[in-house]
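In structure tokens, the next block holds one chain alone, the form predicted on its own.
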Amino acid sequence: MKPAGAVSEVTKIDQIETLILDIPTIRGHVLSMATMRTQTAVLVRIKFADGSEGVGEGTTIGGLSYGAESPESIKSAIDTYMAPALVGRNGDDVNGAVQLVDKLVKGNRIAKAAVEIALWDGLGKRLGVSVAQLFGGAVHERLPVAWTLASGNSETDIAEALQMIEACRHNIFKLKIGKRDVKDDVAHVARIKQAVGDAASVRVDVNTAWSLQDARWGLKGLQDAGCELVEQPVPARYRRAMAELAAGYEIAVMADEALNGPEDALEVASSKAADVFAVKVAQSGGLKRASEVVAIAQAAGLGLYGGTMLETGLGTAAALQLFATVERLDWGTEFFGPLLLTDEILANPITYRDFCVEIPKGAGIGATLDADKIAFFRRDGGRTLKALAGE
């Protein structure tokens, strides 16, 4: 029996803070639905009763043009609904927090992921182990990493790809297409594949822009051009179309927007609507749910690819902790988000070399924020998006 006044061993959640960062990109990042020139991230800091802290990130792509969550809605969902329910709870009970938030908040997977990452980070730091260790232990020290070519100009993309190969930074390239006519997009991909030859793998991401008829022509042309994989060619709800495309062509069909957690993963796998899963921590609803999506793909014999929402180094470090524990990633990863930004927000940036990204070392997610950079890029610091972009 504890003496009167003894401090409880349970680590309580004392405070949950959120802030929005706006960081310019190194170039325009052209998607089928938007052109990104600034990436916006929501950072979460959880303070615990013993003085420890955990940090997390929730990031989406292109505001509301990509999905149902925006940076502003992510912050609001956490501040208004999640934080009041979690403050005072046992900070070590991550699973309990995940289950509670799932009951109280529908959807909002990116907001949930940001909070959950901070909880895992805090737990890992208190135990003195990596988050990878909390998920069973890392089996990789580094992972292959793709680079997205998204300027929209063939010659610019070719020059960028050849530079990346020469620098031994990337030899897997994903091209963002879907804004132009299908024939023009296929010709664009064919020119890039011809330029890089066997020195690199070329894939494409259509971001749901094609109809089934467009996709039939597109997949045939891409396959003939030497492209290896096409990501989410049709809208997420068109599972029959995805299944037809996956069965009808040798080129691999990858699901992305169709995957919003393990329930979707099970539906996609059972309907044979993909050959490969692009697993995103944020889109899945957190590290735990992403691990469940991975397990479903493994059980169904599907390929795996570590996907990104173009997170900063913080969210990227968290994703790397999980994917370091996955035995087979036949299609590699695309955890290049920090490289697309004009500045780094980590005091210890993630290392990219020899066509791979290295798993961060240290307790928790292995990331320490640079306080000065956070102060500079935080939205409430008085800067505008135009000022940040140099306009």
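Numbering starts at 1 and follows the sequence shown. Just so you know, these numbers come straight off a predicted model, no measurement behind them.
What comes next is about the form predicted together with a small molecule, which does not appear here.
When contacts are defined as a non-hydrogen atom within 4.5 Å, none of 135, 289 and 326 contacts the small molecule in the predicted bound form. Interface membership of residue 334, defined by any non-hydrogen atom within 4.5 Å of the small molecule in the predicted bound form, is confirmed. In the predicted bound form, residue 205 approaches the small molecule with a heavy atom inside 4.5 Å.
Using a 4.5 Å cutoff between non-hydrogen atoms, residue 346 does not count as a contact of the small molecule in the predicted bound form. The closest heavy atom approach of residue 310 to the small molecule in the predicted bound form falls within 4.5 Å. Contact with the small molecule, judged by heavy atoms within 4.5 Å in the predicted bound form, is confined among 110-118, 184-192, 293-301, 255-263 to 255-263. Residue 280 is the only one of 75, 125, 280, 239 with a heavy atom lying within 4.5 Å of the small molecule in the predicted bound form.
A heavy atom within 4.5 Å of the small molecule in the predicted bound form is found for exactly one of 350, 61, 46, 341: 61.
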